[in-house]
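Take a look at this single chain, the form predicted alone, given in structure tokens.
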């Protein structure tokens, strides 16, 4: 699917997205204990609150001021800010909570993984926001900023600052980020 066409994504069925998010919790260890631990994690709470309010937002169901209040509680208790306006595909996984901020206009594909301290945003009020493909991994402390496109199966290294688009299958590491292909060749 073309990245720009996802800007008009059709509403996803609520239970399908929740089921995909829960399935991501069982990938590493399918045990019931691991599932319960994942369901009780702060990352899943933040995703669940986002999914509920996104469902309402897509159907023009008014939720203010309740949404504002709940989003602030989620931010304070988990350190994760995911506005209902952000477009996020099914199967999102937040591995560790804290310091995660997603701009309201950001588009995130399916089966993406976010670690703590990640920021997806603009360049200080201007410059647009990133669009992420499917199966993107964002390492701890990564910053992806501006009107850029991150391809499918991209890995953004810990503490990387990404200010330019990254092609599918590449790894972006460093400050500012340098892109490397699978063979380690710098682009």
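What you see is a predicted model; the values in this text were computed from it and never measured. Residue numbers count along the first chain shown, from 1.
One more form of this protein, predicted together with a small molecule, exists but is not displayed; see below.
By the 4.5 Å heavy atom rule, the three marked residues 54, 84 and 107 all fail to count as contacting the small molecule in the predicted bound form. Think of it this way: in the predicted bound form, the small molecule has a heavy atom of just one of 12, 20, 171, 163 within 4.5 Å, and the residue is 171. Though the small molecule is absent from this view, in the predicted bound form it lies within 4.5 Å of a heavy atom of just one residue from 47, 131, 120, 156, which is 156. With a 4.5 Å cutoff on heavy atoms, residue 115 counts as touching the small molecule in the predicted bound form. Interface membership of residue 148, defined by any non-hydrogen atom within 4.5 Å of the small molecule in the predicted bound form, is ruled out. Using a 4.5 Å cutoff between non-hydrogen atoms, residue 139 counts as a contact of the small molecule in the predicted bound form. Contact check for residue 72: no non-hydrogen atom falls within 4.5 Å of the small molecule in the predicted bound form.
Between 27-35, 121-129, 148-156, 54-62, the stretch whose residues reach within 4.5 angstroms of the small molecule in the predicted bound form through a non-hydrogen atom is 148-156.
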